[in-house]
Ligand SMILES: Nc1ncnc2c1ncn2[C@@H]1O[C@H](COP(=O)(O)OP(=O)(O)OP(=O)(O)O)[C@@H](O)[C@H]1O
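Have a look below at one chain only, the form predicted on its own, in structure tokens format.
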Amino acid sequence: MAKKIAFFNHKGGVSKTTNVFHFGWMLAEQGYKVLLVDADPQCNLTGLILSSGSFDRFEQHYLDRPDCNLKSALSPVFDGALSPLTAAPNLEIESRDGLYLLPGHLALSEYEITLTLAHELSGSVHALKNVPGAAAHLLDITADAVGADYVLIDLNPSLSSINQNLFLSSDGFIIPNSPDYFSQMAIHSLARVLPMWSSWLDRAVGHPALQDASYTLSARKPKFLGTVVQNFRLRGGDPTKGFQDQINRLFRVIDETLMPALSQSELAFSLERYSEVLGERSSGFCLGLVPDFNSLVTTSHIGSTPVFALSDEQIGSVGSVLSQNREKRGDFHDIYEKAVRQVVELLG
């Protein structure tokens, strides 16, 4: 069965979607089959992949294939049609073999109320018993249909029921961050919220009303895979002093506040396991420090191609500028190659 990885932070602007796309492409480059799932109603991942610099292409998808999205795939359960879930229609990304997309939908947020009621585990849960386990089942059968090894889930920046449900259905999670004070605040918040989600799962899997559901919840809990820090500038090959100070503060919050909370709630591997994979001195359980893409980010979006996979023709520059961008492209490739290798090893 495919391993599901959630990319989650309820702080926006931390390059969550960018990292889902880059991690997924790199996994596919290494020979794995990967299903990317856009679970954010803003549909940024879908737009990044489908638009290729033109919003018309993005819009045309929903006109041509109105049922090819996460919301439509879940509708048999959430809209009460009583028909069984089937593998969701998805798109094979032509420019990268082994990479597939399950598009998002703006109206996915309409299911928040239904899922919230089902999560309350009150008397109403009998009528909604199939709702809590539906999304996990859908992603599993969709991954099986394309032979995927990994499912990468792009969650929206909120503490919504949909995020809670998909987060808890994953095998592991990555927390993208930016080197700023608000990311530190978000980590403090996650240290309180994620244990509460874990406690909810403990109650839900044992709830009598959910025992005979068609789509049951798994008691297995997702494990923290690490953080990726992005959106900072370099000087002399290292983060500038101001950014480095913020990175150090962020890592201290992760080490001293987040990790103890995750470990106590069974949302983390052993410290020995992290040391084996990430290294003894891996502050902040960091998978990668990703500096600003600068002008390459626009080229990446126009070409619907990760920065590390841009061709010379896509980069478009010449002479010394092209040489510099080639070097940057290689650096980003090394960063994501190492991060993906560590994630694969942590998940076993």
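One rule holds for the numbers: they count along the sequence shown, beginning at 1. Everything numeric here is computed off the predicted structure, so don't read it as measured data.
What follows is about the form predicted in complex with this ligand, which we do not show.
Peer 1: Of the listed stretches (225-233, 194-202, 131-139, 78-86), which one has a non-hydrogen atom within 4.5 Å of this ligand in the predicted complex?
Peer 2: Partner-contacting stretch among the options: 225-233.
Peer 1: Contact with this ligand in the predicted complex for Ile335, defined as at least one heavy atom pair within 4.5 Å: yes or no?
Peer 2: Ile335: no, not in contact with this ligand in the predicted complex.
Peer 1: Considering non-hydrogen atoms and a 4.5 Å limit, does this ligand approach Gly330 in the predicted complex?
Peer 2: No, Gly330 stays farther than 4.5 Å from this ligand in the predicted complex.
Peer 1: Would you check, heavy atoms only and a 4.5 Å threshold, whether His301 touches this ligand in the predicted complex?
Peer 2: Contact check for His301: yes, within 4.5 Å of this ligand in the predicted complex.
Peer 1: Against this ligand in the predicted complex, would Val290 count as a contact residue? Criterion: heavy atoms within 4.5 Å.
Peer 2: Yes, Val290 lies within 4.5 Å of this ligand in the predicted complex.
Peer 1: Can you name the residues of 196-216 that have a heavy atom within 4.5 Å of this ligand in the predicted complex?
Peer 2: If the 4.5 Å heavy-atom criterion is applied to this ligand in the predicted complex, 196-216 yields nothing.
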